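The chain below stands alone, shown as structure tokens; this is the form predicted on its own.
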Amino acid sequence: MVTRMHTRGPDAEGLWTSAGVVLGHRRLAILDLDARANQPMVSIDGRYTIVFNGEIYNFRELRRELEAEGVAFRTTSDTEVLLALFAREGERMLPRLRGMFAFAIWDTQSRELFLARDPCGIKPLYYTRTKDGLLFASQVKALLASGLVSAEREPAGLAGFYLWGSVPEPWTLFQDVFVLPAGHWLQVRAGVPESPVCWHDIRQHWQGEGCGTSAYELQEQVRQAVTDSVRAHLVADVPVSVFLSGGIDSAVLAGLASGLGAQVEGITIGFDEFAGRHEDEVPVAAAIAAHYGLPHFVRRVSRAEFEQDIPCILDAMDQPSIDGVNTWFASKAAAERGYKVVLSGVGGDELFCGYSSFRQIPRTAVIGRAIAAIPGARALLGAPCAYLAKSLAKPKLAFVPAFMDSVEGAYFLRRSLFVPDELPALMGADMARQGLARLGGSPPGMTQADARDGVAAVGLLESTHYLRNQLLRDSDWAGMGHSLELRTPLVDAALLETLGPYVSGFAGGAGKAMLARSPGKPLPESIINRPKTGFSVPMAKWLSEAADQRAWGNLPMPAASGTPWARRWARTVVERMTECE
């Protein structure tokens, strides 16, 4: 299992054993580079042993507090602070941690294992129960490498992937292998896991009463909160870089880091297919780097390199995803430059209402509710929607009558990859039926977005579905595939707690404009007003021209013409990952 996770930590390998327990760790040394900070790490009194993945950004403040109470330390790492704090407070210490983390602590006295995960779900933690006890790891593929876990498909995981383009928590692609949900801890006694306990549900930040304030005061709140988050995420004993696209989020991180005195380099990937087009972010990223006086590195990626890297991408891809290829190549570029840490602007759109979904989905739901209130309206819409779905090869249209009257339904129609009626053709009728039943919910795999208003509801859904299950998970596997730690200053529980009451005021472009004006040297208006492109790669063109057509053209699909590339890529991912296993 440890060997399978080599790229997650090439700097050191550690194993610790005791009666009935084995802990293993791969280290990517970022804080206290000395071997004294290697893991598994045992407490001074020998009672507790920890394996920890992630970073605790406020560990120095916590350390000073512990030292004032007489606690002695042997390292300057955050791992030892985490271990000492748990020894003093147990699970009560979790709300005090600012960072991204998944960790396990073994108590030799009580013979109990404690597992915990950060509130936003930045770092992964998977577990499964076998006949001999419990296994856990940062990767599903590490669990499979044990030889103790069946590779039999989990219907809910496979159905969830085809519906959403990523596997929704707490499912995985494999039976009896689960994700410890974000913001939860889990106690294990005698090899038997108890029910996960929620210690921080980030949905609360879009619920309850919102706060109103003047535009000037809100701008200052944003400036202070985002600056504080960037400052925290710069804590490292190694150089830090930043993914620099042509968008506001990464540009703001670069500007704030520079303003804080950090020596960061901007990393940009470019594609010849985008040259001279709006999608080409290289000239804009170069202008941003010049604006802040940053060194700037451009790494060009070709179709040939993409084809060559497909096996590596699918090997690193721990759970299937239709995304992440962009982050794979950006991470590759940063690693080639010798970096272990990079700042990523992921999460900015979810917090600052950067997607068009914040405007369109609430409006669609209002119109849908008005239509649904008309007696017989759903029935009248059924036949024409079904006809259009078939004739236009747009299967989602058939589900408009069922899902048009709620924010959740409108969100599903926007974000879903396939629809339930297509699942039997993709995974077989029995497995599709089981998967939908196990996923539950209507739309499948969703819970109700209880929030203060429509904008907040979309923020809640984007953050707990798309961001958590896809963007953050892709950031983890793609970065760690190159031994690179991606830090996300705009996905931060402390930042969300501060700005959560104000998110409804970020709609209509106001949030991204405030974010853009957060650096001491604000972004130019040309960047603020530039139409959004997204962090994209020319996947459709690459796949259609791929020399190995298994990557595109010969896979069975539901009968529909004009299938978007993402739907075909999803099928490719499942088929090729199965071959790898």
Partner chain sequence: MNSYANSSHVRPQSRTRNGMLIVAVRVLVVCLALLISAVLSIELITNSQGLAAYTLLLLGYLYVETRNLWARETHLFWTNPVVLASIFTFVIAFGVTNVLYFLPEDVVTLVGLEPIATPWMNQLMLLVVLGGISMWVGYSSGMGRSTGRMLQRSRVLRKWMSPSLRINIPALYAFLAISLIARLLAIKLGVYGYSSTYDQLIAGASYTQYFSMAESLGQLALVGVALQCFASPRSAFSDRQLLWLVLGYEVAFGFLSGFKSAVVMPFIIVGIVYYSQRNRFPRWLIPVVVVAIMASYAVIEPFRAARNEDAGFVGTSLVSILTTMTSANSSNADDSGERASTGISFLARNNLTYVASLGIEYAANNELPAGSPKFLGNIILAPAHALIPRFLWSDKPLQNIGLWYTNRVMGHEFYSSTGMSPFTYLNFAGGPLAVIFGFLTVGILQRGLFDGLRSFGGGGLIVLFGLLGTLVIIDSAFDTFFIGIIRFLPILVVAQYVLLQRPRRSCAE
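Computed from a predicted model, the values in this text were never measured in an experiment. Numbering follows the first chain given and starts at 1.
Missing here is the form predicted together with its partner chain; even so, the following discussion is about that form.
- The stretch among 338-346, 149-157, 398-406, 200-208 whose residues place heavy atoms within 4.5 Å of its partner chain in the predicted complex is 398-406.
- Contact check for Arg223: no non-hydrogen atom falls within 4.5 Å of its partner chain in the predicted complex.
- In the predicted complex, none of the heavy atoms of Leu351 sits within 4.5 Å of a heavy atom of its partner chain.
- Using a 4.5 Å cutoff between non-hydrogen atoms, Arg300 does not count as a contact of its partner chain in the predicted complex.
- Looking at Thr364, you'd find a heavy atom of it within 4.5 angstroms of its partner chain in the predicted complex.
- Put simply, of Arg129, Arg438, Lys123, Arg414 only one has a heavy atom within 4.5 Å of its partner chain in the predicted complex, and it is Arg414.
- The listed set Leu392, Leu260, Ala425, Ala215 contains one residue whose heavy atoms approach its partner chain in the predicted complex to within 4.5 Å, identified as Leu392.
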